[in-house]
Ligand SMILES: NC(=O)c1ccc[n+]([C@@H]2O[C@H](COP(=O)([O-])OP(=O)(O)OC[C@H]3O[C@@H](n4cnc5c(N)ncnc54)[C@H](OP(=O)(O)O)[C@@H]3O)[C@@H](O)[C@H]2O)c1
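Listed next as structure tokens is one chain, alone, in the form predicted on its own.
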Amino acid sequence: MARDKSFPQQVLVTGGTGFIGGHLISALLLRGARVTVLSRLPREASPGVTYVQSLQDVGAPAQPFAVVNLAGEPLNSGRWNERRKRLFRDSRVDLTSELVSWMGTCEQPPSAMVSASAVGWYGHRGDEVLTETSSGAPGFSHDLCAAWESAARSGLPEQTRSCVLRIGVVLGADGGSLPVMLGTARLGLGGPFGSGQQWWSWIHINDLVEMILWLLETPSCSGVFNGTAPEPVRQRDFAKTLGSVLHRPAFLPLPGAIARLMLGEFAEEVLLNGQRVEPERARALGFQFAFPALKSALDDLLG
């Protein structure tokens, strides 16, 4: 597949102060890009990075630029209730709508936008293999992601190539869900959640960042892509592999009833149900995973 030799000189990133955003910004700087980060909290500029609190502070980009939209309140930041659900939606859907509207006012709209979504779009589908052409099942996660993706497409400038990235469980040593699991796993208590039969579609943070960069620099890429490794695993096998890498047993399960009692709807939507997602489009178009298998990913992150 042909690639654009000139990587975007300027990239606007929303959600750039989070786990994924931090890794992405480091990679963008290595590519020679200048980065503008939309952040709710004031931050001092650093070499190659400017922070703004409002899109109106971005100004008119003087050179071709691209957008990576990662903004969204983390789903594991507290017990779900109606107020938190509104925050999940507002921080994703409303901000994305505002971003797209602003892009339409730019004299030179961005050449490309990569906008995050999540594999929750597919809903609870059991053992069904899910690709980008699969349908979604109704539920809170699907409805949230569907509204998020719709906001990223509605009213987009004609000049802007759009990619939506449905992201799975992102594994990193310094953020995401893995450090949370390590505490019990290192004690030998990291057993399966509930039945352990549910599928977890995961991806190494380095592969996710490389996929975002690949989407930015490949002009023929557009539409929906699954941001997951090509080998999803059942949650019990995830727990077993993590224990093996840590040289610890993984035998003490977290019963589903206890998970629901402790974590409420988050447990039902995220921990006890899952999706068997495969990155069919990325692989077909030539993207190469550095960490296609779970053990190699965990060895790299924890070795």
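Note that residue numbering begins at 1 and tracks the sequence as displayed. Quick caveat: nothing in here was measured; it's all calculated off a predicted structure.
The same protein also has a form predicted in complex with the ligand, omitted here; what follows describes it.
This chain is drawn without the ligand; in the model of the complex, the residue among Ala250, Ala66, Ala33, Leu70 with a heavy atom within 4.5 Å of it is Leu70. Interface residue among Leu216, Ala118, Val209, Ala185, judged by heavy atoms within 4.5 Å of the ligand in the model of the complex: Ala118. With the partner left out here, the ligand still marks one of 154-162, 90-98, 191-199, 216-224 in the model of the complex; by a 4.5 Å heavy atom cut-off that stretch is 90-98. Shown alone here, Phe287 lies farther than 4.5 Å from the ligand in the model of the complex, counting heavy atoms only.
Proximity of Met103 to the ligand in the model of the complex falls outside the 4.5 Å heavy atom cutoff. Contact between Arg43 and the ligand in the model of the complex is found at the 4.5 Å heavy atom cutoff. Contact between Ile20 and the ligand in the model of the complex is found at the 4.5 Å heavy atom cutoff.
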